[in-house]
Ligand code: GLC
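Only one chain is given next, in structure tokens, and it is the form predicted alone.
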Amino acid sequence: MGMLRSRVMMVSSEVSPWAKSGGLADVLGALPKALADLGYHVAVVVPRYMNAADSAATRVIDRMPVPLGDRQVEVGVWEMSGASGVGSVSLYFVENAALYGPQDRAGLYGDAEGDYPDNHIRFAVLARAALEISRHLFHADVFHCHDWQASLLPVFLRETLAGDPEFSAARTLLTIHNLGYQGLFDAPLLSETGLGDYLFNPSQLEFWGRINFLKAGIVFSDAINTVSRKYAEEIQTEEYGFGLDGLLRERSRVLSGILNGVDYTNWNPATDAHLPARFSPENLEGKRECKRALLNEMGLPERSIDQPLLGIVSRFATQKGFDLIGEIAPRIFERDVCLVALGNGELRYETLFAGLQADFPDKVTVKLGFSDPLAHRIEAGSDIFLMPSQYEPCGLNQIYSLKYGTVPVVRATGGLDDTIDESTGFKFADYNGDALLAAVRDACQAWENHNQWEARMVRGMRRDFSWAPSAQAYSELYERL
């Protein structure tokens, strides 16, 4: 077959750097380029919101009608393209001021009041518009849908467009980045998505009396994958299945796990412009300087340079296991160890971390909010990185930590279990405070042995989790489809 690759259209609510709330955006920023290096022509379709309006895109369609049942929504389409490697990547932004703002919409999915009440329409239009973009601008062989926001596309393809010759050979892949977010809406809203009421039944779109977008994608897609091998197994169990484990077990024949890669052009201590000093596996000198500068920046005493420094960079959410840290904090900080944390999210965890800082002012500093440069400096300056997650589909920070010689302490779940082993980090299995405390104590004790610790750092720094192997795995999946 040579270099004649399928044409792949990715549909997502996020793409870095134009619209981002988390790791999903990073995947959409990096995977298409890695696929283009393999010779694919890739299109990415996202709403024109957040910073997308600042992109150097050109308006290619002024008014494209998007049929939703018996009505139509008009959208504009903007395009940005670039050749990359042997293939190419085109970005299409779907514009509709009423649905995607940007003036009156502070967030991607909601604001301080909660989720936007029209999210079901916003993302039904995105999915349906992607099919029309394929018809008019970029003929796709494979539609690669990401998370619940794109999950109605396979339904439109198989039901609404069933007899349309334009799409008869098209195949669909759904990637689940986090099964905890499913896109649940009240039953009467189904008609507003343009889909027929006959689909509202337990084997298709209905979930405990509501519409479930992600379930729709799982039922109607030709293949499903998630972002680590371990998470693909876990979501088929009651503990991690969020009510969809039975359906996922039913579809296990077409379910696989492909680990996310990371972008080492952005995360590499040998070239990182955010750091006060550079370092590499061959020369670790700069690491201590990064630690000293971080302690100074975070207002911790200079003597802490000779104590283990724990780092956290995270969303403050229940999923991330911070209740365990609250449980054991007094026992962690009774010894000589410090903690720097960066993040924001649920109020109770922001309060928890602020409380720790008040109780242990010379040992704990927390910055609420998010700062990418500071995230890089915490990765570089910490000795040990904490990720005690309840569940973690892939996780990226533990992989960044390896690269920066910062030894991860993680719970053995999802992508954390797939990427960290005994030679590069510390893992605990049971989800409780005692198990986390034991792992932290083991790490702090190992830190005392300077030579062995450096050998562990270097092993981690030499691990390769770049996008190339992941792109190769996706390529094989597309060709099977």
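Values in this document were obtained by computation on a predicted structure and should not be read as measured data. Sequential numbering from 1, following the sequence displayed.
The same protein has a further form, the form predicted in complex with the named molecule, not shown here; the description that follows concerns it.
Peer 1: Using heavy atoms only and a 4.5 Å cut-off, decide whether all three of G286, K403 and M457 touch the named molecule in the model of the complex.
Peer 2: Checking in the model of the complex: none of G286, K403 and M457 is within 4.5 Å of the named molecule.
Peer 1: Among the candidate residues V227, A129, I224, A170, which is the single one with a non-hydrogen atom no more than 4.5 Å from the named molecule in the model of the complex?
Peer 2: Filtering the options by heavy-atom distance leaves V227.
Peer 1: If the cut-off is 4.5 angstroms on heavy atoms, which of these, H177, K215, R122, K291, is the one near the named molecule in the model of the complex?
Peer 2: Checked against the cut-off, the match is H177.
Peer 1: Using a 4.5 Å heavy atom cut-off, state whether M9 contacts the named molecule in the model of the complex.
Peer 2: No.
Peer 1: Any of the heavy atoms of N260 lying within 4.5 Å of the named molecule in the model of the complex?
Peer 2: So N260 counts as contacting the named molecule.
Peer 1: Give a yes/no on whether G381 approaches the named molecule to within 4.5 Å in the model of the complex, heavy atoms considered.
Peer 2: Because no heavy atom of G381 falls inside 4.5 Å of the named molecule in the model of the complex, the answer is no.
Peer 1: With a 4.5 Å heavy atom cut-off, would you call R315 a contact of the named molecule in the model of the complex?
Peer 2: R315: contacts the named molecule in the model of the complex.
Peer 1: Choose one stretch from 106-114, 154-162, 277-285, 393-401: the one whose residues place a heavy atom within 4.5 angstroms of the named molecule in the model of the complex.
Peer 2: Going through the listed ranges, the match is 393-401.
Peer 1: With the partner left out here, which residues of 15-30 have a non-hydrogen atom within 4.5 Å of the named molecule in the model of the complex?
Peer 2: Heavy-atom contacts within 4.5 Å come from G23, L24, V27.
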